[in-house]
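Here's a solo chain for you in structure tokens, the form predicted alone.
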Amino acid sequence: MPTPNDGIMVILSSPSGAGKTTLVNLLSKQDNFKISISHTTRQPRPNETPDKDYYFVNDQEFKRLIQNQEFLEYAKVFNNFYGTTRTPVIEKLNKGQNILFDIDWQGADQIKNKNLDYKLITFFILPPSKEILFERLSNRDMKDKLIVEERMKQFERDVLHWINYDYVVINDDLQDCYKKIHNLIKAEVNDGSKDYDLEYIRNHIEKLTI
């Protein structure tokens, strides 16, 4: 049974290329924050380490885990499966460790719907503009124009899910964005005052969806 000494769950989601993985890595450098490592069926990128960045598995193994109801959440994104297994997350939370999730809106919805007895704070990360997002995606390991175009189309759909998150943060400057998330987590945990302007966020989303 969860107690006040349990850890909290923090979800970061974003459209592809908005910077959530970098932010999760920065947040994990704080005391007592651990990244939940997802399973995926996609191939490792050149800069990724198996069992550190992801557990890389084949389709058959992933489907076995689904059948055994091992996942807190899972989704198919760009023809690959991604998922978070339940046991390691619950074990860490019960030891008082805070867990960071780098997952998309589908996964965030599933975790919310599980109604676990742990504090959950959700963040949706957005780019400063569509032009900057396009630039970031083009500079990433995606020299393929078709992949970038597919990600941009997906962005139009993903951005609509901002409304289901506790906070939306714009990743214009990485350090500023990190500080804002860090301060909001602190305020949530300590019932402090929150520096958050919802009207500003609504206006920004309008500009992104024109």
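In this text, residue numbers run from 1 along the sequence as written. Because the structure is a prediction, the values reported are computed rather than measured.
Omitted here: the form predicted in complex with a small molecule. The next part is about that form.
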**Asked** Would Trp162 count as touching the small molecule in the predicted complex under a 4.5 Å heavy atom rule?
**Response** no
**Message:** Taking the small molecule as it sits in the predicted complex, is Ala75 in contact with it (heavy atom to heavy atom, 4.5 Å or less)?
**Reply:** yes
**Asked** Taking the shortest heavy atom distance, is Phe33 within 4.5 Å of the small molecule in the predicted complex?
**Response** no
**Request:** Indicate whether the small molecule has at least one heavy atom within 4.5 Å of a heavy atom of Arg151 in the predicted complex.
**Result:** yes
**Request:** State the residue from Lys145, Lys29, Arg45, Arg157 whose non-hydrogen atoms include one within 4.5 Å of the small molecule in the predicted complex.
**Result:** Arg45
**Asked** Is the small molecule in the predicted complex near all of Ser38, Tyr54 and Asp104, within 4.5 Å of a heavy atom of each?
**Response** yes
